[in-house]
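Starting off, we have a lone chain in the form predicted alone, written out as structure tokens.
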């Protein structure tokens, strides 16, 4: 086999066999295929596409480029959830506790963030003593004992994806559904869960800007998971505004805890319910979505979700006192309102710009070496469709540096559009995608 011939074949729309795809992925991972040939191949895929069989074979080959987790020591059907990423997305923390409280094992691997805020790992580290650097045996034991554990993602998981993505990032080959789907699913399949639920974000703060593109990506990932023998489903959720009200690390943890106490924002709860019902169905505790919703809501009403989260935190070295008393979290030195420049209705939010405000304050990483300030961020006071009076706070900014505060406020005001009226309807979820098809809400 020659890489030249495979590039030529895909350039003219030919279908690649499993053996040919393995040759490309494994050869590139080992350094036997140079960057310039892999770049040409990726561009050919962007222009000519891949069918589902090719995309699945690409995913499996990337999965098999490194280690795969064996979760057989964990009892029951293991369920994992993955989000394509968004501003204010703290769902994993509260949702995992709710699902675990319903008896479904959640064995989750998460990464650190590179961008506007930290990843789930960074956010959880704002809890005193909490650590995701636990052994595999401790991970298995925690899931068996309390049905929930979150640990840092190993560098040996799907190394082909890391190497290929770095190349895609500099060759304008990121925006291609077969490549996006295989990138995400290779890591999810390597993580070893039996059932996978995907939160596919859509809107100004997401990679997929339109509903059609988001559904196409979700459908591809669900088909890959299904063809790989995993119970896979997805929900398309709104990222035309931040999820919830908090943007920042410790601020988002506090909001996730508030949700478990029954005080969380409506859109975050709806996101948790739409994803959690599929997780309970995938976990085999019920085959009825309405019953699954009642089970999840009960974990908030009876406090079992909050208790589960505290157990999880304590099992990984953290102080459960932070869960029951969020005043213990480190606070930013300055909290300043961002006054509305005029009266009207919030008609548009450029969500990715709100994320950049958090980054300016120090709440995210511009490089892998950046040190995150876990206490900074924003608490939104007005969201899409809300009426606002001139001078009324649009948000409160939490900062430890007044110069950064001024920069973030200027950027924030440019991200908000205030109009005389708002006729639109704000939705949290748009569609559910399963192996049986797509249901639009």
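Computed from a predicted structure; not experimentally measured. Numbering follows the first chain given and starts at 1. If you superpose the two forms and keep the largest set of C-alpha atoms that fall within 1.5 Å, you have the rigid core.
Absent from the display: the form predicted together with uracil (URA). The rest refers to it.
Legend entry - Heavy atom within 4.5 Å of uracil (URA) in the predicted complex - the one residue of 230, 223, 201, 168 that qualifies: Of 230, 223, 201, 168, the residue with a heavy atom within 4.5 Å of uracil (URA) in the predicted complex is 168.
Inset, instruction - Quick one: from 110, 274, 132, 183, grab the residue that has a heavy atom within 4.5 Å of uracil (URA) in the predicted complex. - result: For this set of options, the contacting one is 183.
Legend entry - Candidate stretches 160-168, 98-106, 354-362, 252-260 - the one whose heavy atoms come within 4.5 Å of uracil (URA) in the predicted complex: Comparing against uracil (URA) in the predicted complex, the contact stretch is 160-168.
Inset, instruction - Indicate whether residue 207 is a 4.5 Å heavy atom neighbour of uracil (URA) in the predicted complex. - result: Taking the distances in the predicted complex, the answer for residue 207 is yes, it comes within 4.5 Å of uracil (URA).
Legend entry - residue 195: touches uracil (URA) in the predicted complex, heavy atom cutoff 4.5 angstroms: No - in the predicted complex, heavy atoms of residue 195 and uracil (URA) never come within 4.5 Å of each other.
Inset, instruction - Give a yes/no on whether residue 179 approaches uracil (URA) to within 4.5 Å in the predicted complex, heavy atoms considered. - result: Residue-level check for residue 179: yes, a contact with uracil (URA).
Legend entry - Proximity of residue 82 to uracil (URA) in the predicted complex, heavy atoms at 4.5 Å: Residue 82: yes, in contact with uracil (URA) in the predicted complex.
Inset, instruction - State yes or no: after fitting on the rigid core, is the Cα displacement of residue 164 between the shown form and the other one at least 2 Å? - result: The answer is yes; the displacement is at least 2 Å.
Legend entry - Core superposition between the shown form and the other one, C-alpha change of residue 374 at least 2 Å: Residue 374: C-alpha displaced by less than 2 Å between the shown form and the other one.
Inset, instruction - Align on the rigid core first; then say whether the Cα of residue 42 has moved by at least 2 Å between the shown form and the other one. - result: The answer is yes, as the C-alpha of residue 42 shifts between the shown form and the other one by 2 Å or more after core alignment.
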